[in-house]
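Only one chain is shown below, in structure tokens, and it's the form predicted alone.
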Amino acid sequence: MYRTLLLSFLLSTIWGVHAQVPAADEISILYIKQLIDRPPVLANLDAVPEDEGTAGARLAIQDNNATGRFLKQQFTVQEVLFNASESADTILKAVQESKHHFVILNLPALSLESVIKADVGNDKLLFNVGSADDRFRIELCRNNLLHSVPSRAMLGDALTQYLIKKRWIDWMLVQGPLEGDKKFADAMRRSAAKFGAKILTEKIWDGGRDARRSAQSEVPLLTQGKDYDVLIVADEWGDFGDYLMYRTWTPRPVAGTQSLFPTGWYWTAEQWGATQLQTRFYKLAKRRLGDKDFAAWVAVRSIGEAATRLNSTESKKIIDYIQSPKFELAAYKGRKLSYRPWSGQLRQPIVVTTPKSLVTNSPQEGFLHQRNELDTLGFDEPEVHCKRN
């Protein structure tokens, strides 16, 4: 029933996207989301909200209009929702036929790749708010593509900096069987080499154990090995990582995708006005603000901030300004955020938190950079194989 209604909504919405031409004083933003077929996992305690990401864009529209009304600017968002089974060609067609100059893409990696490899027009600015894949920042750069969601490399570096600061240098790495688990593990290996940590032992969780029933016996056996300071887990879908804590052979902390984890945003953030943002979001969505919501909020707010600073709704001026060294965005993180010119990645502090307590924000003090300390997180300019300009 749900899929039937979703497909009906898709067909009725998608062909209307190109027909809606914004008024001269209106900035209309296209928000495209594709649902993801999530694999079954052992722990289903935290259901993914149906409006994940979308609610963040809606809040940003409200925020933009709160300021824009003084300048006679009006912001709107056109939402298009795709089923997980829809082809990338269908999504691409929606982008190409749209008259919108600003497009927010909450897509899995394969669909995002299909869109950015095609010609969608030089007058469009695309924001990736859904995919953390590093290759979009180092191999598949595009002049019209920005990333408000952190890359896996940024997340890995943020966590590693804190572990190095704590002198937890020797690691055991436990990796899940899925592709995302491998990519997160690769990010942690890269970060370890970058900052001087050592991975003494690596193990693979083969997916064949029912951790709910066998964790007490299986986890101690899995985690035996050379003595280490911290257990790093790579389990992006949350299949087994939560069952490692307090069950390891040696009493050690757990970090990575579970226990102590890095993220673009989490509800434990309270400093720099974050509580005010979270209160407004809860009033709108009746739930807590998540990392995908924050990425979408930042993308839409970037457009609004540029329009306000320029006192203009001219799309080309806004696009050029967002990608210029002059652009900065205040986003409740204690630092002004901006986009890296070489990869389009948003510079931002990364939250390092447990499920109920904020531990720290990275970059950590003492990790220096010749231009911007935020560039110690993720791939720096010399490491990028593609160039946007």
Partner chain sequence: MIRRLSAAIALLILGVLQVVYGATAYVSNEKDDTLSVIDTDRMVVIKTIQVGQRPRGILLSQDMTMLYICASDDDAVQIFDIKQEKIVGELPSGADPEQFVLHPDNRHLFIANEDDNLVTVVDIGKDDVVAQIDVGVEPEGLAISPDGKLAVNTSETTNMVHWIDAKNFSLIDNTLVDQRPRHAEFESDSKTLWVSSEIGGTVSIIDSDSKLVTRTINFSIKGVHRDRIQPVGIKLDQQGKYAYVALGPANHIAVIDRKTYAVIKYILVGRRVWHMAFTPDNKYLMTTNGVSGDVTVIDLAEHKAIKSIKVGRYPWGIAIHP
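Numbering follows the first chain given and starts at 1. Predicted model only: the values in this text are computed from it and were never measured.
One more form of this protein, predicted in complex with its partner chain, exists but is not displayed; see below.
- Look at 91-99, 194-202, 304-312, 126-134: in the model of the complex, residues with non-hydrogen atoms within 4.5 angstroms of its partner chain sit in 304-312.
- Although its partner chain is omitted here, in the model of the complex none of S85, S87 and K117 has a heavy atom within 4.5 Å of it.
- Checking L30, V352, L35, L329 for any heavy atom within 4.5 Å of its partner chain in the model of the complex turns up a single hit: L329.
- Interface membership of K356, defined by any non-hydrogen atom within 4.5 Å of its partner chain in the model of the complex, is ruled out.
- Although the partner is absent from this view, D380 stays clear of its partner chain in the model of the complex, with no non-hydrogen atom inside 4.5 angstroms.
- Using a 4.5 Å cutoff between non-hydrogen atoms, T250 does not count as a contact of its partner chain in the model of the complex.
- Proximity of Q276 to its partner chain in the model of the complex: non-hydrogen atoms within 4.5 Å are present.
- Shown here without its partner chain, the chain has D63, A66, T67, R69, F70, L71 in 61-76 lying with a heavy atom within 4.5 Å of that partner in the model of the complex.
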